[in-house]
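Shown below, as structure tokens, is a lone chain in the form predicted alone; questions about how it binds or moves come after it.
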């Protein structure tokens, strides 16, 4: 089994709903933030230049399954791994924990794209240099 990337955070008051629990939509923000942290940890960014071309990773699919509620001030750990590295896309797996209990899990699929000012993103094959950086997190 390859390694997982771990991100810890306090639940902020702004993340909660009127019932005092984290609003479902916030989990998608947590996943995106953890993905960005993983990319920075390997020397990349969600917007990165390779061989003079700007690449980024638009999302094409996202899901989250909720197992139990969390509240303001709790500390959560987001565990990130990669389920699949395709020709042009990466599918990340996210598992959320509070203490030892899993509270949610989800997935995001992002497509590698070139960005040219004033035009639509163009999906491209993931460069080998990027693939090798992400490979250590592949399940």
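Values in this document were obtained by computation on a predicted structure and should not be read as measured data. Numbering follows the first chain given and starts at 1.
The same protein has a further form, the form predicted together with another copy of the chain, not shown here; the description that follows concerns it.
Contact between residue 114 and another copy of the chain in the predicted bound form is not found at the 4.5 Å heavy atom cutoff. At a distance threshold of 4.5 angstroms between non-hydrogen atoms, residue 88 is out of contact with another copy of the chain in the predicted bound form.
The closest non-hydrogen atom of residue 123 lies beyond 4.5 Å of another copy of the chain in the predicted bound form. Using a 4.5 angstroms threshold between heavy atoms, residue 61 counts as touching another copy of the chain in the predicted bound form. The single contact residue among 50, 83, 42, 46, judged by any heavy atom lying within 4.5 Å of another copy of the chain in the predicted bound form, is 46. The three marked residues, 23, 26 and 73, each reach another copy of the chain in the predicted bound form, with a heavy atom inside 4.5 Å.
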